[in-house]
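Presented as structure tokens, the chain that follows is alone, the form predicted on its own.
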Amino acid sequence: MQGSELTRAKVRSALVFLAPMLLALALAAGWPLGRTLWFAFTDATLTDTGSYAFVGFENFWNPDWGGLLEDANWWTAVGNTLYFTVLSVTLETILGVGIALALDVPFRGRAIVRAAVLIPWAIPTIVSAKMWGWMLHDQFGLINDLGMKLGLIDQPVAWMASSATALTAIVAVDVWKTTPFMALLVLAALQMLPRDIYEAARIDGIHPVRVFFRVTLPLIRPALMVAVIFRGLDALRAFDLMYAMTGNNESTMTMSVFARQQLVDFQDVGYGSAAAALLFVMVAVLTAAVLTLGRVRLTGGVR
């Protein structure tokens, strides 16, 4: 009984300490989100956001001009976003685990290598975008020059101008920049594993690959799932890298870039808010699906 009273007292204390943060979160995130969802059902424009009318679901679908659900550019942006998310997060997870395993092995200069690996992640995204924009330049870029010297390509490739290569090039830049984030989280999980398990496996003569799949991977799975969810959420709302490297190019346009174009360039607050609302719903649904299918508990660990 005393334990229950003590638990309730701890819960009350925790709620008191969390109250200011929850209030700040409601003001900083809840209010803008609520306004965006409301504008999605209006015909508001950027020229006069104080004068608008409620139009129901007409921004999403209507028999006259189709709406967002029949907008080919919107579905192109959805496809680009899903392609970017799946490919970049998959590559970053595989490479991040590999780099973390390498950095977990003791060797001379490991601290310097660990710090050097984090450099791409520390560089601001806009700087990375401009730097890789010059490296991928079709006439003066380092990538074309190196590829031609190695015999990989016969002539310079317009990486960012071609719809066939632009999005893949952006994925490559994102993988270069964000893989250290995945490696850092996985390395932290590896550092927490008990070493006597590996010593016992070594004495029993178990192959290292089998030890990885039977021991290491299951033990780091909770941290790995959290890292994948974080990166997935970040990739689904990707904006800065695409916009800095290709602007409003349709072949690389993500859902965030599409919403910005409608809101700012076309000043259609209602239509742009509808796109932002669908992006929010899609992120929420995919996150719930990953948490359910991955059996991840938000209170910690994996079911």
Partner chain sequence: MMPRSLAGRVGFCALIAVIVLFSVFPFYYAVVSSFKTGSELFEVTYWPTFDMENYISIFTEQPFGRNVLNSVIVAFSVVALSLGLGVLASYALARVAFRGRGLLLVTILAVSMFPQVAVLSGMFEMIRAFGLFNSLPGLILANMVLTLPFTVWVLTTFMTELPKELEEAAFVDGATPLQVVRRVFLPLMGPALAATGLLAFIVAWNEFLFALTFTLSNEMRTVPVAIALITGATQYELPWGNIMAASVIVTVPLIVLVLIFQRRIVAGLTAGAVKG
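The shown structure was predicted, so the numbers you read here are calculated from the model rather than taken from an experiment. Positions refer to the first chain, counted from 1.
The same protein has a further form, the form predicted in complex with its partner chain, not shown here; the description that follows concerns it.
Listed residues A161, V113, V215, M148 were compared with its partner chain in the predicted complex; V113 is the one with a heavy atom within 4.5 Å. Comment: its partner chain is not present in this chain, but in the predicted complex one of L219, L142, V86, I153 has a heavy atom within 4.5 Å of it, namely L142.
In the predicted complex, its partner chain sits within 4.5 Å of a heavy atom belonging to W31. Within 4.5 Å of any heavy atom of its partner chain in the predicted complex lies no heavy atom of L68. When contacts are judged by a 4.5 Å heavy atom cut-off, S273 counts as touching its partner chain in the predicted complex.
None of the heavy atoms of V285 is located within 4.5 Å of its partner chain in the predicted complex. Shown here without its partner chain, the chain has F181, L184, L185, A188, Y198, R202 in 181 to 203 lying with a heavy atom within 4.5 Å of that partner in the predicted complex.
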